[in-house]
Structures are given as C-alpha cells and as structure tokens.
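First, one chain by itself: the form predicted on its own, in structure tokens.
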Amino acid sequence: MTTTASPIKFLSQIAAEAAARRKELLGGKTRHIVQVAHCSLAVGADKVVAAVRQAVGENEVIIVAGCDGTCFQAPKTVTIAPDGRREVKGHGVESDFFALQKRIAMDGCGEIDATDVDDYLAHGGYAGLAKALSMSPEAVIEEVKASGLRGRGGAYFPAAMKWEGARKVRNSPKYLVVNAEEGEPGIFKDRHLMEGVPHRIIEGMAIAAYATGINEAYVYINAEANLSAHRMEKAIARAKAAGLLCEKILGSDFTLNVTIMRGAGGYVCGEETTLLNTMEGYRREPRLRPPFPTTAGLWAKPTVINNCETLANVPFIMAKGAKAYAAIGAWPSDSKTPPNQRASGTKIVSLSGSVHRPGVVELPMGTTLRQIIEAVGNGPMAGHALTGVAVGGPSSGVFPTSMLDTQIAPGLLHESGVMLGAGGVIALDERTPALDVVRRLAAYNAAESCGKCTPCREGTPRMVDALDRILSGKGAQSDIEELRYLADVVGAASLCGLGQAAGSPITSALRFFGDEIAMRVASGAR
C-alpha cells in the first residue's frame, strides 16, 4: 500500500479537531443522555426526548444515545453534572447488571451520541482503522486470524479465513455485504449495535474491506428496522464528511463506498445466498453451494458477508491487538489449543422471557446459562419458577433446568441440536411449557420456509402436525418415530440453514422432554 501521509497522524489531527468542537459544545454544561432504541420507543422514549428538549437551559445539552442494554429500565435517562455526578432515571435497579459483562462491540452503547462522529472519536473510535491502514492487507488478516474471531451470526466460521479466501480470488470487482437482516424472534443484538454504535460497524466494515481489497460495500438492513437504517445513514454521512469513508480514507489510497439496502422481509433472507438473491432482485430463495459467495457472490463476483456483531469486534482487535482479544473468554481454555483455533472474545446475548432484567448483554465466551439468567437477568419473575431455557433462536432448541450450567460457546452446545446460534436466551417458567415453545419454534420454521426445496417445504409442516397430535392427546408412537425421521431427513436434505436446522427443536425435545412426550402419547392411547 502506498500512502500520501500516515493514517495514524491523519486520525490524530481529526480527533484533535473533534475534541475542540466537543469542548466548545459540552464544556461546563450538564449533559442529559436519553437512551432511544427500538425497545424504549415502545414505552415512550421519544416523548421523553421532547420533554427534555423543552426543559433544558443554557448550560445544559441533550444527547440522544442508543440503549445500554438495560431494556428493563426503559425509558432511561442519565444526567451528568459538570463535576461528574451522575443521576439515572428509569425503571428497576441496574446494580450488578453489568458486573459479568465485558464490552467490546457494545462499548459506549447508551453513553455516546449514537451518530455523532466527534463523540465516537472521543471514545477512541477509528483508531483500529488508522492502524489497519498503516499495515499491509495481509498483515491485517493475520492479526484477525491470531485473535480467533469467528463470525457471530450462528455458523461461527473464522472471520479471517473468509477474508483470506476472498482476497485470493482473482476476479473483480469484489463486494462486502453487512448482513443486518436479523429477522428471527428473540434476537435483537444487531439492531442494538446499529442504533447505539453505528460508527463501530462502519469502522469494522472499512477494515474488512481494506484487508480483502474491496471498494464497494452494502449494508442489508431488515425491512422493519427503521431506526437502525436511519442511524446507519446518518453515521455514514458524518463519517464521509470527516474523511473516514469514501475516497482516500485517512489520507491513504484506500476508497470505500457504502450503500444501504433494505431487506426483502422474512427469516430466510438472513441466509447469505438468499440475501444475495434479493439484492439482485430475485425471489427470496437460497442458491446451491458451491460456489460459495467468497468466489461467486453478489452479481457473481467475490463477496464477503459478515454480520454487524462480527464487524463490531474488529476495531478492538486492530486497536488493542490480537493477543488482548484472544485472552478474553478463550474457548476451549486448555493451553494445548492454538489461539487461532479458539473462539475467543465475547458474545452478545439477547435475554428475554421470565427474568426481572431482560435486555442485551455482552459476555465472555464460556459464561454459563445460569449466570446469564440468575446473575445478569436476576432470575425468574416473582412467584414463578424456572422450567427451561430456549437457546439460540428458532433453529436451535430448548434445555431443561438441569442444563443451566452449560457454557456459551460457538456452534453446538449439545449433540441434541441446541446451539448458541445468534445468541438468543429466553427463560421459561411454568406459564410457558417447554413443549409449547418447541411447537411454536417448529411452526415458525414451517411458516418461514421459502418452499424452494421439497424436504423443508413438505417436512416442516408435517413436524408441526405430529406435534399437534401429541400435544392434543391424540398422538401415537408412530408420531414420535415420524418426528425423529423428519428431523433427520429435513436436516440432511435441505438446501439452506433454515431447513438444515429446522429439526433441532424437535431433536432437543425428544432428548430432554422425551418422558413428557411419551406420557402424552400414552395418555391419549388409553
């Protein structure tokens, strides 16, 4: 790479100018931070912003931030006096909510102005990009490889291997696509990042694009995530104005153009080849693989697809170093496993269901489900007892309480098909029986099947029918056998991840709730 000046020096100049503007804007004034996100809008955060705007005096400023993850407190405001004193207003008590958390991707969420580039720079933003642009693309890939970063969308493929594969392909142009579809129930972490720290995603995009030799990037945002799209658009515009996007980024020869595209709607659009199909104007159906997107993706050109959380980890790796990242939550923890074969770092978990403190939390790999539900979520709702936990989303399954000491880790958490997926954790109590949840997951997968491949199109509704017969007391032993057969066949013969994992809720139910299923069949047979 040839540069006309040091990117680090360029960033230093930009950051100094930003600091001067912030001092003029905020110096000696009381700051009222209002957390506005898709969660808090549902309980009137926009009205709180309007009220605070009317009330602020000459020596006060209002900052609209994303949510810090304490969704149970929404709408939440934080007032910071010039002497540093803080006053928090919101529902519930956060106390030790943050004690187990390690914030890398979510660092600054709820504290900084969501789209303001000056605020992000003041928190060390774009330092990772400046360092990356001072290195060769190959060295950037090696640094990310040494960190052990794996994709955070569910498949957990090593990020650097994907980048390396795309870089080696001799075909151009190449594209970067940010998968921000995130349409499944119980998962809301990518929206959280786009609403709270959009500049971190942009910085991660720029580093990934530089490492892979890409100059065109697209952010594919769920059709219903309007606030996410709005904040990403504003942040991109401000990054361009500051010389952090578009041509000659930070004085280098690197150029990156970014375009936002809205999703076509539907869970299957999160599958990367379906996403590419919809970007090209085709039906929302997956493509046969190979070829894989890294060799023939968008418009048949090499394409790197990463989700928001994956990219939001990259600035930390570049700014702090691979060793610092690899030391966090290293999994497995034995010393024999090389760092680049571990899944290190953190995972953002969308915590909901029967807990006192639902929200979005970022925890080191290896944290147990019990810690997430009891220490972070503060346990089940008063007067109710925990009966199980749905983990990972509709393509995963349900654990009984005996599995609460399971540690979160990439991929499968149990051979029955329960996996971490995109990081949903839903606590269940006696009001929501585990088998009812399994039936809902199966019905969701059946409804969201695009219908392209026969096993998924025909098999997923048959799973729901069999579950309905069993749950209504009209089932037979043959229904259990059919469920087991369908879960295997649909998983083995489907084209994409939706069908391949559609049997996981079934297999986890047969493994952990087999006695209850057998009792229901037996009671119906009498």
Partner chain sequence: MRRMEVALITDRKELRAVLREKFPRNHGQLLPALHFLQHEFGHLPDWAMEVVGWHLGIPASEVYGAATSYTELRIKKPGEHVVRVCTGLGCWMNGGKDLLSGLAHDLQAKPGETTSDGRITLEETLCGFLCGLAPAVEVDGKWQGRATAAAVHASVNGAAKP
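Remember, predicted model here, so these are calculated numbers, not experimental data. Positions refer to the first chain, counted from 1.
Keep in mind that the form predicted together with the partner chain is not shown, yet the notes after this line are about it.
Engineer: 227-235, 70-78, 319-327, 198-206: which one contacts the partner chain in the predicted bound form at 4.5 Å, heavy atom to heavy atom?
Structural biologist: Heavy atoms within 4.5 Å of the partner chain in the predicted bound form occur in 70-78.
Engineer: Only one of Ile305, Ile249, Cys269, Ala242 gets a heavy atom within 4.5 Å of the partner chain in the predicted bound form. Which one?
Structural biologist: The residue in contact is Cys269.
Engineer: Check each of Ala223, Val93, Leu100, Val169 and return the one that places a heavy atom within 4.5 angstroms of the partner chain in the predicted bound form.
Structural biologist: Partner contact (heavy atom, 4.5 Å) among the options: Ala223.
Engineer: So in the predicted bound form, is the partner chain close enough to Met419 to count as touching (4.5 Å, heavy atoms)?
Structural biologist: Close contact is absent here: in the predicted bound form, Met419 is far from the partner chain, nothing within 4.5 Å, heavy atoms only.
Engineer: Taking the partner chain as it sits in the predicted bound form, is Met261 in contact with it (heavy atom to heavy atom, 4.5 Å or less)?
Structural biologist: Looking in the predicted bound form, residue contacts with the partner chain include Met261, since a heavy atom lies within 4.5 Å.
Engineer: In the predicted bound form, does Val177 have a heavy atom within 4.5 Å of the partner chain?
Structural biologist: Val177: no contact with the partner chain in the predicted bound form.
Engineer: Would Glu309 count as a contact of the partner chain in the predicted bound form, using a 4.5 angstroms cut-off between non-hydrogen atoms?
Structural biologist: Heavy-atom contact with the partner chain at 4.5 Å: absent for Glu309.
Engineer: Which residues from 421-439 come close to the partner chain in the predicted bound form, meaning a heavy atom within 4.5 Å?
Structural biologist: Heavy-atom contacts to the partner chain in the predicted bound form: Ile426, Ala427, Leu428, Asp429, Arg431, Thr432, Val437.
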